[in-house]
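Presented below, as structure tokens, is a lone chain in the form predicted alone.
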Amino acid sequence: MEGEDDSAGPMIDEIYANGGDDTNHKRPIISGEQLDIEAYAGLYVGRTKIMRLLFISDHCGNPAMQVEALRMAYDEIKKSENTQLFREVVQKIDGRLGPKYGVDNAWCEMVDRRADQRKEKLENELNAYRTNLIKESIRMGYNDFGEFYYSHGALGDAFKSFVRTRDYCTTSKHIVQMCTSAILVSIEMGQFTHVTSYVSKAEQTPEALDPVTAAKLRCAAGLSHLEAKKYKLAARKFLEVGPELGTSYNDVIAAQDVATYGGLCALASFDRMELKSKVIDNISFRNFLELVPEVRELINDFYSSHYASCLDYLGNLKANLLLDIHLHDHVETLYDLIRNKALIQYTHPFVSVDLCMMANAFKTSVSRLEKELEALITDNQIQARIDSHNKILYARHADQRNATFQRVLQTGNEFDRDVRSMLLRANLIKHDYNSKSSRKL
């Protein structure tokens, strides 16, 4: 590997260390142990806790983890009023947890009967409010209906009820409350276009936004951008979330998720300067990163060009990230983007790179590395060519002297053409050429 000057020496030593040969840069890597479901579920409350547990049971290949997730989901649902979801969980358990986790018909009948009574009461109250035309009471009535439908799993009806309160909102706080309720239900339904719309509507009333609500809206916007694969916008939103969030949004997202989603999206989409200024030096976001040391370390490793260590962290995190209800569809894409950025960043400072040494740094084979580099060169992300025989990557640096000469020559030709045009025009005007031509006609 040849640098453009002698100052590349220390950097070469640093990159040699990425391959793992230098013990000075070794640091403890997180274990590949399976997800601690109980600790994970403890981060959330309400419906999202149940749905995340069911997602784990559906996507995990470990039978013991599947059963444990279903057991915890069963216990959690018994604290709620969603009998339909309860029956679905019992069907998934299929007797694997014994008679204690079977169908509880008595509980279902009691909850359904109580729900019918509650619904009838809400209908009578709302009809009375509408008759008396009391706007605030009507708004509260629809809001109560929305909460009722949400607790019983009727998300579509809940969304309609919350949105109907819009016509009866009299203050900015009422509008923000309507938007946050609609956002909550929209996230559960997976309707992220609604999420974006209502986040924008809520942000149009900044005077009614307290720091906690503002943090919630940024989280919701981040999830919406993540779902749309707009990773840079998602990263920016998660990075703007303030520490005021705490555990206040655990019915949607935990503080640990803010660090994980924001960190990975930033790695995949930010350039080196942005990564430093907006992530590593971001004191507010650093508080979130402290909750997930693995993500903090892999970001620092990436910025410090310790790619082997960074990729080890990513590899160990992958299995658990694939069990995340929001992130699982994006793990492969984000990992590819991060790896490609690492390859580009590795090759950028040098005129030539030894592929054997580079393969060692990225813990891969030379043949696989060649294919990755070929794809990046074809995509014009790396300006280089590969010597397959000698296993060397040669950078194609532009000839600055020749390029400058060509620009000067082009500028001279353009100046000569402009001067000739002006002289021609001056002579035409001097001899009154246009006037003579017109008189002849």
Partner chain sequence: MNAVEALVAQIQGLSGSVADLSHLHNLLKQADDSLLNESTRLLPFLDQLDPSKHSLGYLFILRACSSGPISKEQAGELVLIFSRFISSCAAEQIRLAPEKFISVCKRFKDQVMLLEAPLRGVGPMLTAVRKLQSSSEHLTALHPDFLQLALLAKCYKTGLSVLEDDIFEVDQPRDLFLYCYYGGMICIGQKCYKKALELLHNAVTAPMSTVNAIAVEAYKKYVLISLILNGQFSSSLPKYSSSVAQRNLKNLCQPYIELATSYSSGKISELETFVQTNEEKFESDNNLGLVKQVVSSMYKRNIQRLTQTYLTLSLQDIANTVQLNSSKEAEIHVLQMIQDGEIYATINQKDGMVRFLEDPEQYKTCEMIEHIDSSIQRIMVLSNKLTAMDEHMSCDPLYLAKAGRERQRYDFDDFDTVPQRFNI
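Under this definition, the rigid core comprises the largest set of C-alpha atoms superposing within 1.5 Å between the forms. Residue numbers count along the first chain shown, from 1. The structure displayed is predicted, hence computed values, not measured ones.
The same protein also exists as the form predicted together with the partner chain; that form is not shown, yet it is the one meant from here on.
The stretch among 53 to 61, 66 to 74, 404 to 412, 35 to 43 whose residues place heavy atoms within 4.5 Å of the partner chain in the model of the complex is 404 to 412. When contacts are judged by a 4.5 Å heavy atom cut-off, Glu125 does not count as touching the partner chain in the model of the complex. Although the partner is absent here, Glu370 is a contact residue: one of its heavy atoms lies within 4.5 angstroms of the partner chain in the model of the complex. Though the partner is left out of this view, Gln381 does not reach within 4.5 Å of the partner chain in the model of the complex, counting heavy atoms only. Heavy atoms of every residue among Tyr394, Met422 and Arg425 are located within 4.5 Å of the partner chain in the model of the complex. Ala375 is not among the residues whose C-alpha shifts by 2 Å or more between the shown form and the other one once the rigid core is aligned; its shift stays under 2 Å.
In the core-superposed comparison between the shown form and the other one, Asp58 has its Cα shifted by less than 2 Å. Once the rigid core is overlaid between the shown form and the other one, Gly42 does not reach a Cα shift of 2 Å, moving by less than that.
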